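Next comes just one chain, in structure tokens: the form predicted on its own.
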Amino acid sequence: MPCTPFALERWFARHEFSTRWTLSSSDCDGLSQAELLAGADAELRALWDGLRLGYTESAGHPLLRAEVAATYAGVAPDEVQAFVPEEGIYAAMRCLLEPGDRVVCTVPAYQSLYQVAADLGCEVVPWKPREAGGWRFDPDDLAALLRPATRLVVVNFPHNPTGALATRGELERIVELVRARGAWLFSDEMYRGLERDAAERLPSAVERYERAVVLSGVSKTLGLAGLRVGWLVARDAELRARLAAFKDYLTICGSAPSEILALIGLRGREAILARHRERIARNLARLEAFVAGRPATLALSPPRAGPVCFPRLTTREGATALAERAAAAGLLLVPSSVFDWGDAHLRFGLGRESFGEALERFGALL
């Protein structure tokens, strides 16, 4: 199976650790290990102190799976399988798809959500949002893309890179459309919990559809990307068995220290999420004021959820050229070209405390 270069990750490989400031990270500020451990309860502190660095259970630590399951309505711990997030995408696509299958995917998107299927020989059909409508993904547009032979629909809400969020009614319509075709629904929910308005938080797809596969983890919402802990949730026992067997050819099992640290973060998630949401709101207000003062340079459709947004660049200079110029000046920007979405948008990340300083650098660059 060929492996198409991952444009976003290759861009980060070039620039992420060689630039001083960033405006385009998709995660929230990382917690220190000391800070995280300080919030551990007695049970988890004892687990940490007595941890032996041997192999772990392939499906994930039982306490970790139970804690994850508790974040969903009606999900049992054995319906949760631990994966590194990117690994989870790859494993799910390989276990669900065969060459020639039809796949519909929200775009722009994190590339592996559609690229694994394309490289496998599937027909990948893009479901595009309407920028003028606040990056809305219209379910009527999805209905027009579905066919009797559609195997998989891939969605991502809250959406990366636009910050779009479906309404509850739209999610229900998406599920109805997918169920009517008997297709699988892969739902990337890595940013669930970072909505601007908590009342707009969507139910998980796995709570609404028996053939849903949900991806999530601690990287984006909890600021614990360095742990590399994520999971897939699936109700279908046969699919879970295939995923478990496929993982034997990947990581086999997770990192023992990472799983305990992730468990500590999950038990303290409400306080962590509240802090990240406050920072995102503060940084979004800064960005809105910045854009308002430069109407000839940028146009912003404010995100409804998550730590990212996708303003349009309204200058003659393309996004890629500007991002290259920024990198040379020590500032990391992500252009829309790495999402295969033209060359007129930039992804902004709102989850870092250093956002204000980086925005000043961007203003000076402009």
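Keep in mind it's a predicted model, so treat the numbers as computed, not measured. Residue numbers run from 1 along the displayed sequence.
What comes next is about the form predicted in complex with a small molecule, which is not displayed.
Judged against the small molecule in the predicted complex with a 4.5 angstroms heavy atom cut-off, the residues A164, E200 and S301 are out of contact without exception. The partner is not drawn, yet in the predicted complex one stretch among 219-227, 272-280, 74-82, 142-150 has residues with heavy atoms inside 4.5 Å of the small molecule: 219-227. The contact residue chosen from L96, A234, I264, M190 relative to the small molecule in the predicted complex is M190, the criterion being a non-hydrogen atom within 4.5 angstroms. Checked against the small molecule in the predicted complex, the residues E259, D101, E170, E86 give one hit for a heavy atom within 4.5 Å, which is E86. Mapping the unseen interface onto this chain, N160 counts among the residues with a heavy atom inside 4.5 Å of the small molecule in the predicted complex.
Interface membership of T106, defined by any non-hydrogen atom within 4.5 Å of the small molecule in the predicted complex, is ruled out. Residue contact check for W135: none of its heavy atoms lie within 4.5 Å of the small molecule in the predicted complex.
When the small molecule is considered in the predicted complex, W127 lies well away from it, no heavy atom lying within 4.5 Å.
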